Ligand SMILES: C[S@@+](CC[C@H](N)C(=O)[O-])C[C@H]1O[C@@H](n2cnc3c(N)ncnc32)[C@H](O)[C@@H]1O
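A lone chain, given as structure tokens: the form predicted alone.
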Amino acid sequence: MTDTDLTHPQQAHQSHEAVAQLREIALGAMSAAAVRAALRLGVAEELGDTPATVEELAQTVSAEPRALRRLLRALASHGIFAEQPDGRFAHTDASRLLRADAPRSLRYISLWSTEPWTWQAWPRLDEAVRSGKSVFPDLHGKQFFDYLHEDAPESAEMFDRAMSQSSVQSAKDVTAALDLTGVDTVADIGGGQGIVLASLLERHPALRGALLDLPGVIATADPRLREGGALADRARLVPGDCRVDIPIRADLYLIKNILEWDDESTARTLRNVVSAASPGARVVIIENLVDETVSMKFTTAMDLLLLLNVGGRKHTKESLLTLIDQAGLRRGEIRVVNPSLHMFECTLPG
């Protein structure tokens, strides 16, 4: 027997771990599909605080009991639901996040991330990596958002719900982290329905704000901001495209999770902010980073999804700072908002 025939126990252990890790990743589509199936069946909603048998759950969600047990067992191996010694299933912290009424629910984000178009796009990731461009036009003959609104209205609705859900959860963190000392007016650029802006106005009774987004988005803005809403007298709704023009003067410009397009569109948006702002105005950019974050598995996955659907990307700290410098903004403090968001404080020189 030669030395090459001998395998160190630690190497064998590492090899087994590597096999298990790669095998789990390669079968990751199963995990995503299992989460989607549980959501569409309504298992998390039907399972209460008391553990239930598979037969009881199967009856309430109209499923075949043996198949449902297989689904729940697969999810339980990932900590989503837990199988009790007597065979009943109970909620875990993770499975409760599938409920719509959970404080930090991931229901709509999980559904959005597993919409039918995703299963068509992911297998073509190698093409996107070779070209550096979206595969969507080749798949569907049109751009991503055109496809959503024209051909997949249910998916478009799920996107809106997912974005609203994400905004509700992050709005509290952003509102708590943002220092508005000396700020009288804030402009939320590309702020969607304005959930963050509404939260800021509620927290600061003397603050006034403006929300800029596409006309269709502005039309469905947070009811608190629309005419007759509790905050309407301090809010201005501005339909427009921040990549074209920003016709708003404010003390602080808030840019959250929209610098994800191609670099030219991102640079153009920042230049438009600089053109609109007065010297000394603050610009606060809030983004998911693909480095220096504890949420890298999430942010890097979203980064690849952006490449597939719109040809965009999430930023590293340095790539975002480079764009900030190129726009002519003065760098300030970089702070962690929550495990997946970083806040870049900038000012307009002068």
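Just count from 1 along the sequence shown to find any residue number. C-alpha atoms forming the largest set that superposes within 1.5 Å between two forms make up the rigid core. In this text the structure is predicted, and so the values were computed from the model without any measurement.
Although it is not shown, the form predicted in complex with the ligand is what the next lines describe.
A.B. asks: Consider the chain as shown here, without its partner, and state which of L212, L75, A235, V135 has a heavy atom within 4.5 Å of the ligand in the predicted complex.
C.D. replies: Going through each option in turn, the one that passes is L212.
A.B. asks: Which residue, A177, A94, V217, A152, has a heavy atom that falls within 4.5 Å of the ligand in the predicted complex?
C.D. replies: That would be V217.
A.B. asks: Determine whether any heavy atom of P223 comes within 4.5 Å of a heavy atom of the ligand in the predicted complex, and answer yes or no.
C.D. replies: Outside the cut-off, so no.
A.B. asks: Can you tell me if N257 lies within 4.5 angstroms of the ligand in the predicted complex, counting non-hydrogen atoms only?
C.D. replies: Result yes; N257 sits at the interface with the ligand in the predicted complex.
A.B. asks: Can any non-hydrogen atom of R243 be found within 4.5 angstroms of the ligand in the predicted complex?
C.D. replies: It does: once the ligand is placed as it appears in the predicted complex, R243 has a heavy atom within 4.5 Å of it.
A.B. asks: Given that the ligand is not shown alongside this chain, does Y147 nevertheless sit within 4.5 Å of it in the predicted complex, heavy atom to heavy atom?
C.D. replies: Y147: no, not in contact with the ligand in the predicted complex.
A.B. asks: A37, T118 and W122 - do all three of these have some heavy atom no more than 4.5 Å from the ligand in the predicted complex?
C.D. replies: No, the whole trio is out of contact, none within 4.5 Å by any heavy atom.
A.B. asks: Pick from 226 to 234, 159 to 167, 198 to 206, 96 to 104: which stretch has a heavy atom within 4.5 Å of the ligand in the predicted complex?
C.D. replies: Result of the contact check: 159 to 167.
A.B. asks: Tell me whether Q143 is among the residues that move between the shown form and the other one (Cα shift of 2 angstroms or more, core superposed).
C.D. replies: Comparing forms between the shown form and the other one, the Q143 CA shifts at least 2 Å.
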